[in-house]
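Quick setup: one chain, the form predicted alone, written in structure tokens, and binding and motion questions come after.
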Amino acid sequence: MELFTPDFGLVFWMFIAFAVLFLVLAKWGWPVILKNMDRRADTIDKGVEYAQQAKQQLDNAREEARKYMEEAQARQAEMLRDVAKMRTQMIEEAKRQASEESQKMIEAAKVSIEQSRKEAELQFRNEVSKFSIEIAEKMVRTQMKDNAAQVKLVDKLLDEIEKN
């Protein structure tokens, strides 16, 4: 039972040791501990503040990135519209040029055909004239075998020349 009921001297010295320890801790220990706790609290507060600032910056950066993405998508859509418009214009221009070129070729072919037709017509006329002259010559020879017919023809031709 002595363990449960200590002597007065033991209690006294324990109280003195406790008081000395309390005074030493109150003088040098607690201020350092409280100062470190305050510094730690300040560090934690600053960390929370930095985290909030970082979160705010991240949100701002995300918003800015979203704006840039929307702007880039708008530019891309505009560029695609411009490209489609240019493609349509190029196709129309190519069609127009092809049409003009085919029209020129058709006109050239018409001119060539007309020239060929005129040449054929001229050649045909020359051939017909040649045959006509040959036929007329043969007829005149057969009809002009006698001198009287020749004199009559020459007089007739001279009369026609004088009239004109």
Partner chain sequence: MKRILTILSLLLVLLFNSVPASAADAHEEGEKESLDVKEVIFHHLGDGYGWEVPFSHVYRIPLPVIVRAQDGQWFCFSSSRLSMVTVTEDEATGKKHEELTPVVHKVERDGRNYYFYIPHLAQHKTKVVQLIPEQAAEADADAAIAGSHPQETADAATIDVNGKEFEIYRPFDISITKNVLALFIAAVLVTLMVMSVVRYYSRKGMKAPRKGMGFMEMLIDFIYTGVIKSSLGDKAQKFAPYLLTCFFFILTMNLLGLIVIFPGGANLTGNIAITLVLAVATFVVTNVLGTKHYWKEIFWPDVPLFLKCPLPIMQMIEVFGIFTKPAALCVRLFANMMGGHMIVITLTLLIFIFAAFGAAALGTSVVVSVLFSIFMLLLDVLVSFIQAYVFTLLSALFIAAGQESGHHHKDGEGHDIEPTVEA
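Numbering follows the first chain given and starts at 1. Predicted model only: the values in this text are computed from it and were never measured.
There is another form of the same protein, the form predicted together with its partner chain; it is not shown, and what comes next is about it.
In plain terms, the part of the chain that comes close to its partner chain in the predicted complex, with a heavy atom within 4.5 Å, is 29 to 37 out of 91 to 99, 129 to 137, 48 to 56, 29 to 37. None of the heavy atoms of residue 115 is located within 4.5 Å of its partner chain in the predicted complex. Contact annotation: residue 43 falls within 4.5 Å of its partner chain in the predicted complex, judged by heavy atom distances. For residue 25, a non-hydrogen atom is located within 4.5 Å of its partner chain in the predicted complex, even though that partner is not displayed. When contacts are judged by a 4.5 Å heavy atom cut-off, residue 7 counts as touching its partner chain in the predicted complex.
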